[in-house]
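Just the one chain here, laid out as structure tokens, in the form predicted on its own.
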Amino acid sequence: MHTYNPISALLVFFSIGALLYFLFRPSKGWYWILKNQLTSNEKTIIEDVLKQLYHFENSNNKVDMKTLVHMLSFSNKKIVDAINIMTVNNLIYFESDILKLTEKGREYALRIVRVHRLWERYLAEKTGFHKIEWHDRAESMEHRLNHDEVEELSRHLGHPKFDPHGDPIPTKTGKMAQVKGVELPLLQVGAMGRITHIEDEPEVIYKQILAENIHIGSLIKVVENNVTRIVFLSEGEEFKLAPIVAANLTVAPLEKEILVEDNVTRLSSLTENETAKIIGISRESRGESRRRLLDLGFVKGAQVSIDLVNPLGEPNAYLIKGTSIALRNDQAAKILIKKD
């Protein structure tokens, strides 16, 4: 007679769970990689190659065939076939073993970049998708929209100049605004500035920045800068980053020092029995989410306090204009206050 062993059952359960994770992990699971290999068409591969070459050239880096094959999730044969087609069509050329864009290829690449960044802006302003999903979803959509659909999307969004990460969006003629600022590690101790760009690649570093809840548009002051860490103050909180992570933040130094009040902080830091006035809403809150907060009464000058603390951590209820409003911590972190 067999007896039930709970440890064995748990091991089987976690083994199956791990297998399913590796098979169906969004965009990077074995199933999706295999599906991508089988369904990828010539146009998709060509556009991905052009975009990669554009990003390399824009960062003053060089790329050869070996590097390109390593970066793209297509078979070697498909990439080589695409390179041959692109060469014949005067989109790229070889300088020794280095791949480079022709003017025609660069114009094509800019059109793909335009679609990608417009779609990220759309996802940020018009949908509820988490920011970690924006890039992959835009990667998929950039190959689908035609010229008229892209122009309609741009018009619908008000012809924005920047995507939600602070990257400039090319116009339909290929012109782009300049990103103002320098990498955070280049700022001296005591320097003040505003975050103008957050690089979303590589993904592992971007996830660290998201975990720290650092917001684009935030005012910062550097208090420590050395080879091991960068420490800065922003919105009532202290942030500590490794230099390699901090380098993904672009900060526009302020031309003149401004007074930063010590008690200006995020609503998420408010505790019971404290009251505060709303200073504003972070640029990190966009589109429908921003309008919803304003409609709920979180406007400049409004008095706010905690009405109910959730014993499980979140959401908490805030009393604003006589109404109790429940907010998650990530929502409250985008509302700036001055404590009384």
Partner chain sequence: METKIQSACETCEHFNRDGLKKLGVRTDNFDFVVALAGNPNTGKSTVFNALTGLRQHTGNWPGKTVTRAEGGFEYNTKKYKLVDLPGTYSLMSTSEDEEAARDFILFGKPDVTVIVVDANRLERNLNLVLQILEITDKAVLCLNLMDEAKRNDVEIDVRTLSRDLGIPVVPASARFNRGIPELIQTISEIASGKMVCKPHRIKSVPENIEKAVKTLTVEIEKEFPNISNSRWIAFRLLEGDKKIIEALRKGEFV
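The term rigid core refers to the most C-alpha atoms you can superpose between the two forms while keeping them within 1.5 Å. Note that the structure is a prediction, hence the values are computed from the model and not measured. Positions refer to the first chain, counted from 1.
Although it is not shown, the form predicted together with its partner chain is what the next lines describe.
K.L.:
I have K51, E224 and L249 flagged as a candidate spot, so tell me whether each of them has a non-hydrogen atom within 4.5 Å of its partner chain in the predicted bound form.
P.N.:
No, the candidate spot makes no contact with its partner chain.
K.L.:
Quick one: from D97, E183, E107, E152, grab the residue that has a heavy atom within 4.5 Å of its partner chain in the predicted bound form.
P.N.:
Going through each option in turn, the one that passes is E152.
K.L.:
With its partner chain left out of view, which of K62, R291, K277, K43 would have a heavy atom within 4.5 Å of it in the predicted bound form?
P.N.:
Contact residue from the list: R291.
K.L.:
My question is simply whether H147 lines the interface with its partner chain in the predicted bound form - judged by any non-hydrogen atom within 4.5 Å.
P.N.:
Because no heavy atom of H147 falls inside 4.5 Å of its partner chain in the predicted bound form, the answer is no.
K.L.:
So in the predicted bound form, does any heavy atom of S15 sit within 4.5 Å of its partner chain?
P.N.:
Although its partner chain is absent here, S15 would stay clear of it in the predicted bound form, with no heavy atoms inside 4.5 Å.
K.L.:
Can you tell me whether L296 touches its partner chain? I mean in the predicted bound form, with a 4.5 angstroms heavy atom cut-off.
P.N.:
Answer yes; at least one heavy atom of L296 falls within 4.5 Å of its partner chain in the predicted bound form.
K.L.:
Using heavy atoms and a 4.5 Å limit, would one call H156 a contact residue for its partner chain in the predicted bound form?
P.N.:
Yes, contact at 4.5 Å.
K.L.:
Even though the chain is shown alone, can you say which residues of 296 to 322 have a heavy atom within 4.5 Å of its partner chain in the predicted bound form?
P.N.:
Residues within 4.5 Å: L296, I320, K321, G322.
K.L.:
Note yes or no: does the Cα of T67 move by 2 Å or more between the shown form and the other one after the core is superposed?
P.N.:
After core superposition, the C-alpha of T67 moves less than 2 Å between the shown form and the other one.
K.L.:
When the rigid core is used for the superposition, does V304 move between the shown form and the other one (threshold: C-alpha shift of 2 Å or more)?
P.N.:
The answer is yes; the displacement is at least 2 Å.
K.L.:
With both forms fit on the core, has I278 moved 2 Å or more by CA between the shown form and the other one?
P.N.:
True for I278: a C-alpha shift of 2 Å or more.
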